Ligand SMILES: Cc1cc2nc3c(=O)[nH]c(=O)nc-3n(C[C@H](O)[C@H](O)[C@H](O)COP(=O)(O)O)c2cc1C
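Shown next as structure tokens: one chain only, the form predicted alone.
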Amino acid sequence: MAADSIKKTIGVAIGVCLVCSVLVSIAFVQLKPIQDKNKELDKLKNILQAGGIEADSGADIKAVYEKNIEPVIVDLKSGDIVADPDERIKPENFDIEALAKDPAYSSVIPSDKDIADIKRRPDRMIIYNVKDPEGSGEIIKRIFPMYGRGLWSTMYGLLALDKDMSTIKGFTFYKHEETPGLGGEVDNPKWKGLWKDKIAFDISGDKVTLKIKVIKGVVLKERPEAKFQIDGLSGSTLTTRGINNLVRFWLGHDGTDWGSTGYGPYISKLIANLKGNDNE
């Protein structure tokens, strides 16, 4: 009798587990489209936030995005805009994580240049142009997606540069798994606010030097270099270092001159165009 009782108990337990597994699987399949939509809306919100675009409570986020943002695809090696991208890299389909894993759309980064510790990088990236709200068609800011290793995770962020291609106008992370209260302070509005109006590049004549740096500790505001520096995250040395490295990687500096690690070729062309316009 005891043996029969144990068998029945085990049988009931297995049956309950199977039923629960089926219910969880059904719920996952049914809820996935809703979860994907919410993730996409959250990313659009972060793009708008990085670009300094306010969306009223209850506003149609996608409509606000489409009104104010113009996405373009850039070839990172040449710095040219891709006029007719294929389906995988069209703005509406662009998936940084998936493309970085696909050898047909990405490249291995030489170890001596991989300061962001990401191993591979898409050959083309999406950039979000922020349009003049007055409707002139002028691009007033550009938002650059960037990613790299923190302490526990790969961190995915968005950095906005003003039309002068040097002044930072916003910075935010839309995906990471850093420690709450420590590295997770990248989500703190106060820390994100430190980036606004900092200077990414020192542009002197024909020389462009990447200067922005996330330091360990607090920036001393009275020092001349303060305009190029961001406070590190207290108690989070490795996350701070990771943020500094990923920003410097994607802004295209390899430690000596313009490199091909990130957006360097594209940014250098935009700066050259600005100088050309200034000389006219």
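Since the model is a prediction, treat every value here as computed from it, not as a measurement. Quick note: we count residues from 1 along the sequence shown, nothing fancier.
Here the subject shifts to the form predicted together with this ligand, a form of this protein not shown in this document.
Among residues of the shown chain, S106 is not one whose heavy atoms approach this ligand to within 4.5 Å in the model of the complex. G157 falls outside the set of residues with a heavy atom inside 4.5 Å of this ligand in the model of the complex. Residue contact with this ligand in the model of the complex: T237 places a heavy atom within 4.5 Å of it.
The closest non-hydrogen atom of I89 lies beyond 4.5 Å of this ligand in the model of the complex. Residues within 4.5 angstroms of this ligand in the model of the complex, judged by any non-hydrogen atom, belong to 176 to 184 and to none of the other stretches in 176 to 184, 113 to 121, 163 to 171, 68 to 76.
Of the residues given (L151, A100, I140, I203), L151 alone sits with a heavy atom within 4.5 Å of this ligand in the model of the complex. A single residue from the set K216, K227, K39, K62 has any heavy atom within 4.5 angstroms of this ligand in the model of the complex; that residue is K216.
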